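One chain is shown next in structure tokens, namely the form predicted on its own.
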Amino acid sequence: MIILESSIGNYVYSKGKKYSYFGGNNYLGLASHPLVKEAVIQSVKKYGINFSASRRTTGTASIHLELEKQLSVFKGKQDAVVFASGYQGNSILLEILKDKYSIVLADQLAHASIMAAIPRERKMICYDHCDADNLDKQIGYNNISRPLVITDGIFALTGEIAPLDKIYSVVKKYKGILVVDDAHSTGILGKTGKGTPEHFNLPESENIFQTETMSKALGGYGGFITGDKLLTELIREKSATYQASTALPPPVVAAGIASLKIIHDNPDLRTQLLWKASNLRKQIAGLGFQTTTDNTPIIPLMFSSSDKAKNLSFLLEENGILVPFMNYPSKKEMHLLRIAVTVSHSTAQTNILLRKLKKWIEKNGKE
């Protein structure tokens, strides 16, 4: 385990040593942005560090309302509701919607928060990873009415983009509901960074929902759901998770507001990030590593054994580069290193990484 001794950026310090950092999810470099840090400092001066109450009692402050307003503007929705963490979003939403669906169909490699979110009284079926045809067969074979289909937008380990255009066609065919966990897509995909549905130009539909987080591209913390007033008020009135949770602390709220302003004022951050990610992915594939092809900031190096993956991660660490070996819970065993590209990474920095990867593959061979 890496123990950080600094803020995160394209470099970090651990055990007194400086490392080139390709871990985490700080895609737009906002976690340590000067304007975000200044907003946090000012919020602490004004509000302290915690409101020490739930939103439904005395824990709501004006900055919560401002954050929710700015999130709704960013997403082009009527309203937004924020809560303790992105992980909670799927549980909150599936509970609120449970009278509208009979069964849940989840991608085989769906995030753990999705699997944990399915209500105990609802049956769940997994469809083949990113396979809309298999989803169609599963619904038809099981004669399912009122299906709820849930998937990651960008898959956290592999960087793949779920084929939402094809999945939505199946959902629409069966008059179902589509839920997209867009944790790694928000601020990244789509013409204005609204996420995977915008990336595929899907229509504004009452049957498409997103659960999202401020802990990835926005560089902060906390989960949120946007939608019409009916949806957000249902969450506020009916969700025990929302009602019983302590309100987001002032520094977290202020960070979210500041990050949204930076994203609004600097739309080129997203395009620069995806250009850097695309360029690095092509060069890594050119070296002979097995990886994925979708243009996202997550570039996996995939191996046939965990020993090879761990060996490369350790070698890179010895050479001052952090690329973590991933062992997240999943229904499919995977051995991979996960390279997270950020807009802050320099060409010189990625070139050093590429040289080390080339040296390793020349010694150990292609997978």
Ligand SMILES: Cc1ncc(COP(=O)(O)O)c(C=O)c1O
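Model, not experiment: these values are computed from the prediction. From 1 onward, residues are counted along the sequence shown.
From this point on, the text means the form predicted in complex with the named molecule, which you will not see here.
S.K.: Can Val179 be called a contact residue for the named molecule in the model of the complex at 4.5 Å between heavy atoms?
M.R.: Result no; Val179 lies far from the named molecule in the model of the complex.
S.K.: I'd like to know if Ile118 sits close to the named molecule in the model of the complex, meaning any non-hydrogen atom pair within 4.5 angstroms.
M.R.: Output for Ile118 is no: heavy atoms all beyond 4.5 Å of the named molecule.
S.K.: Using the partner position in the model of the complex, report whether Gln290 sits within 4.5 Å of the named molecule, counting heavy atoms only.
M.R.: Answer no; every heavy atom of Gln290 is more than 4.5 Å from the named molecule in the model of the complex.
S.K.: Is Tyr87 close enough to touch the named molecule in the model of the complex, meaning at least one heavy atom pair within 4.5 Å?
M.R.: The answer is yes: Tyr87 has a heavy atom within 4.5 Å of the named molecule.
S.K.: Partner absent here, but in the model of the complex, which of 230 to 238, 179 to 187, 280 to 288, 131 to 139 has residues with a heavy atom within 4.5 Å of the named molecule?
M.R.: Within 4.5 Å of the partner lies stretch 179 to 187.
S.K.: Go through Ser215, Ser91, Ser245, Ser72 and name the one with a heavy atom inside 4.5 Å of the named molecule in the model of the complex.
M.R.: So the residue touching the named molecule in the model of the complex, by this definition, is Ser215.
S.K.: So which of Ala80, Ala156, Ile96, Ile263 reaches within 4.5 angstroms of the named molecule in the model of the complex, heavy atom to heavy atom?
M.R.: Contact with the named molecule in the model of the complex is made by Ala156 alone.
S.K.: Taking the named molecule as it sits in the model of the complex, which residues of 96 to 123 have a non-hydrogen atom within 4.5 Å of it? Please list them.
M.R.: His111, Ser113 sit within 4.5 Å of the partner.
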